[in-house]
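What follows is one chain in structure tokens, specifically the form predicted alone.
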Amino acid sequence: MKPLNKICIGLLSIILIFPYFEAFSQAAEKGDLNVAVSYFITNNKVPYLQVKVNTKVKGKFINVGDIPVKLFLDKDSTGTFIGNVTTNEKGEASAYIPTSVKAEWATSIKHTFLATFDGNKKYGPAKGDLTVARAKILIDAGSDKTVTASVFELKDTTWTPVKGVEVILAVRRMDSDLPINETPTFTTDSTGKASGDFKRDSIPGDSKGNITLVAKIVDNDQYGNLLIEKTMPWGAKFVPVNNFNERSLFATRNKAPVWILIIAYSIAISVWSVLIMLVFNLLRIRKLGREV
């Protein structure tokens, strides 16, 4: 075989084989995803799930968005399907547990939630799961400003008090919940109760002095995240003051404070006075030069 023919055959073989190597390298470069499932229930009503997806790049975990995830209750089947969710830019997605799985929900006092991702061109398949026991939390406030949270777990058909659960007792604020006193968390006793004294007497409330008390369990290994609220008139009454038509720093230009106007006009008058004096002195110098 002539050398030229050998070269042509070799080049043709490389061209034909190259796409397979490229496809293999792309498959090998698929990243691994971590799928975490969290369970939430507020005021002992309809629970919901939150899924968080991230990946590890150069030793750091990065949230991954636009990942479709399927959610199931206990097992991957049609009758236990909770829903499809897609993560946002923070790598998070949430879904309420629908009534379609109510029958499966009632069959057990403990459930496992499954989250599955089938994979795409960039990431391989991934799964996550979370097992929680059915529980509830109650809140009570006494006339002596004592806040009490009670934690119960469903055992057989009876709600049983749970001992040793960390509970946060706080006041609902816009940015974050504020503890009712210096103690960050409280632990339930043998009766399932955890109590603390409310020491935020000067905290602002609404126009009637109402504030929202919160008792919550955060990221518990057995029960997930439970939260309950209660409104009490223990805050300082907030009476809004409208000073829109009064002079203030935040008013419109024609309602600026008098002292600011005096300073501003004084500066303007001073600057223009200096400029006028300079022009006047230049004219005098020019006149004197002509006389000489």
Partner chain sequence: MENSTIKEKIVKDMLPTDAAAIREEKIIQDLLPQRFGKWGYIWVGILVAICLVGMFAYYRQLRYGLAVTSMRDYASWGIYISNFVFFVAISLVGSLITAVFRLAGVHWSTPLTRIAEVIAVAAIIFASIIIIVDMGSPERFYFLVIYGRVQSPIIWDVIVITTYFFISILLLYYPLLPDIKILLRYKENAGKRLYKFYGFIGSFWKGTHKQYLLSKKAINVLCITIIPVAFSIHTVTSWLFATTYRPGWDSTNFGAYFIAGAFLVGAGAVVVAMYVFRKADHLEKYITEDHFEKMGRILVLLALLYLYFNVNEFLTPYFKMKESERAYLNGLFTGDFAPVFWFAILVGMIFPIIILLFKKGRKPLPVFIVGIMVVVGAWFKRYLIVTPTLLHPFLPMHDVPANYHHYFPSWEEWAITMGSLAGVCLVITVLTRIFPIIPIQETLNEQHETAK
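Numbering follows the first chain given and starts at 1. Definition used throughout: the rigid core is the maximal C-alpha set that superposes within 1.5 Å between two forms. What you see is a predicted model, and the numbers here were worked out from it, not measured in a lab.
The form predicted together with the partner chain is left out here; the points below concern that form.
Taking a 4.5 Å heavy atom cutoff to the partner chain in the predicted bound form, the contact residue among A36, A264, A236, V46 is A264. The stretch in contact with the partner chain in the predicted bound form, judged by heavy atoms within 4.5 Å, is 248-256, chosen from 36-44, 54-62, 223-231, 248-256. Candidate site formed by M174, L178 and K199: none of these residues places a non-hydrogen atom within 4.5 angstroms of the partner chain in the predicted bound form. With a cut-off of 2 Å and the rigid core superposed, K60 has a Cα displacement that falls short of the cut-off between this form and the one not shown.
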